Every structure is written in structure tokens, then in C-alpha cells.
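Take a look at this single chain, the form predicted alone, given in C-alpha cells.
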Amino acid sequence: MWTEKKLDEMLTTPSPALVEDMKKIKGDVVILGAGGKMGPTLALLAKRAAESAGVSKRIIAVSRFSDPAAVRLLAEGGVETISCDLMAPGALAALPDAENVIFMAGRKFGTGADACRTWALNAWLPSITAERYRGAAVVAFSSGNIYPLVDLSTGGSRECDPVGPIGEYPMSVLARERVFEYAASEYGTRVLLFRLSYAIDLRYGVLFDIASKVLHGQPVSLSATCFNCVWQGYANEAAIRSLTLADAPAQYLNVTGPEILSVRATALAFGEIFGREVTFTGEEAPSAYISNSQKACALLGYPSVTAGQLIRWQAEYLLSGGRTLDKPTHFEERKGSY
């Protein structure tokens, strides 16, 4: 049976590849925006990898930390935490210097009602961060949403493909990328732009959204048609290991699973596991937000957890009654309105 403790243990146990790369990462690591959905397990994973590598390294997690469970997880794991609002005057200047920065801060939901705050968090904050840590290696979280909808036959957008954000949220994420690109060009900051698509934690995520609807007899929207997703343990490792890939000019990396999953087929798979009839709304389209992750797989290896395994784990977690985060992904959104 699944427990949250078991899930966190799986998400924060470093692989041999991460341990080896941690030996190559010189200096301390500051994780900005570490209190979100991925940040706590990423920070603890980095701490455990440093310990396993036998290297002395401060792992410093910075956030407002609104989730008490995240604070407990980090404290028990020996991760240093700094509670602050990164947007507050002087907040960044007061943070410790560090040779490595993982930038996870940002805003997505609520954009439609308060777009200016989204732009401030996704564009202005990266700007002052790039100035503050201009001498560091920076891995900046981005999103597959900066690409346009593409035909399913393409196999997904590649890093070299033109971007085409739809809506203010993905446009503001592209602004974040442009700011860090400028830092790489102007200051020589080593940058990697981490274009993530749908990390799966079991407490939230696109698989959680679909499975929950099936389990509770609610219709599943087919508007997204297809999607990518990836085990959050792999995504966390990829983010930390990407500090070794950051460079000037800025580098780009699509991080997601190699499979392209059908929303319909995924829902039907959950229906079979749960013994539920599945109903659908909307119509499938010939295009979707999908990314090609061949570059990441070549550089960092294939994810160790397959999409089929993630589907089974997600079903088991829900049936076990595990704690959830109540943070829908809105994966079915095609017009960029969040």
C-alpha cells in the first residue's frame, strides 16, 4: 500500500548517476521557489545526493513555505530553509551567495484575473535574479507550453523548433527564458532553460486529474487529445544534473517522458483498473501540446519509470487514500487561459 512517506522516500533517493554528477557540481546550491509542488522533494534529493557523494555542499531552499508538510520534510532531511517573499525589496540581496541556482519561482493559475502579477513573477523576478546571481550556473524552470500546438504526427516539439506561446501565462514564461538568455549573452551566466511537461508526483498531476475523474464517475475531457508526462523523481534529478549542462549561450532542454499518451486510452486504462465505466466530453483534435525529449534522454538517460508504471502507481495511490495537493493541472486547456 502507498503512504506519503513511501512516496517521498522514492522521490528523494538519488540514483548513481546523480551522485556522480553531484561530485562535478562545485559550490553551494540555492533553490528559489522551493516551496511549490516539486521544490521540497527536489531540495531533499539534492541534499541526499551530496551526502551520498561525500561532498560538503549547502543546499538552501528559499520560499514563502505555505505548506507545513513541506517545511517538515526539509527540516527532517537537514535542508537549510529561508522563508521570504522573493518579490519583497531587498529579499534577493539578503540571500546567501551561491555558485548554483535552480530557479523554480513562478505563477500560472490566476493569470486570467491578475495577469500583471503573473508577468511580474515570471519576467521581472527572473530579471533581478539574473542580476543577483550573474556569476552562477542557473537552471531555470520553463514549460512545454511555450511551444505551439503541433500535429500529433510530428512526435512533439524539439528544442530547435520555433516557439509560439498561446495566452499570457506561456508568453510570460517565454519572457522568463528571454531574460535568462540575455544574462547568458550579456554577463556570461551559464544557463539551462528547463522546459518541463507534466511531472507526476501521485499527489497531483495530469494522471491524477484523469484518474480522479474516472474514479468518481466524472466525464474526462478529450480536448487535450494527447500529452507527455514524466516521473517527478526523474524530473528532479534532471534539474539538478542540468547544472552540469548550463552554459553561455543559454542551453535548452525538453524534460518529459518519451511516450505520447492518449487521453482516451489513459482514461480507459484507469477505468479498467477501477472497474468503472468511463465517460468523455469534447472532441479529440489532430494537434496537442507535446514535446520531444530525445535530447534529454541522450544526455541524462531514459526515465526509469514508464508511463504504464505511472498509471498503475497513480491508481494504487488513489485507492490507498493518500494525501493529495488539490492542485489541478488544467491539462485540457488549449487557449492558454489560466
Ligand SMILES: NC(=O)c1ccc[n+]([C@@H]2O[C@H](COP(=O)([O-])OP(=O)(O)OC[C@H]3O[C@@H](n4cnc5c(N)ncnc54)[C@H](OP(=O)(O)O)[C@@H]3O)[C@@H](O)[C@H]2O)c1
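Counting begins at 1, following the sequence as shown. Keep in mind it's a predicted model, so treat the numbers as computed, not measured.
Omitted from view is the form predicted together with the ligand, to which the following refers.
Trainee: Does the ligand come within 4.5 Å of any heavy atom of residue 74 in the model of the complex?
Mentor: Contact with the ligand, no.
Trainee: Just checking whether residue 293 would be counted as a contact of the ligand in the model of the complex - the rule being heavy atoms within 4.5 angstroms.
Mentor: Heavy-atom contact with the ligand at 4.5 Å: absent for residue 293.
Trainee: Just to confirm, residue 121 within 4.5 Å of the ligand in the model of the complex by heavy atoms?
Mentor: Residue 121 belongs to the contact set for the ligand.
Trainee: So, in the model of the complex, is residue 65 in contact with the ligand at a 4.5 angstroms heavy atom limit?
Mentor: Yes - in the model of the complex, heavy atoms of residue 65 and the ligand come within 4.5 Å of each other.
Trainee: Can all three of 150, 234 and 252 be found with a heavy atom no more than 4.5 Å from the ligand in the model of the complex?
Mentor: Not one of the three qualifies.
Trainee: Which one of 180, 198, 208, 133 is close to the ligand in the model of the complex, taking close to mean a heavy atom within 4.5 Å?
Mentor: Only one listed residue qualifies here, and that residue is 198.
Trainee: Only one of 98, 246, 226, 105 gets a heavy atom within 4.5 Å of the ligand in the model of the complex. Which one?
Mentor: After the contact test, the surviving option is 105.
Trainee: In the model of the complex, which of the stretches 296 to 304, 51 to 59, 271 to 279, 32 to 40 has residues with heavy atoms within 4.5 Å of the ligand?
Mentor: Result for this chain: 32 to 40.
Trainee: Within 4.5 Å of the ligand in the model of the complex, counting any non-hydrogen atom, which residues from 112 to 148 show up?
Mentor: The stretch 112 to 148, when checked against the ligand in the model of the complex, contributes 121, 141, 142, 143 at the 4.5 Å heavy-atom cut-off.
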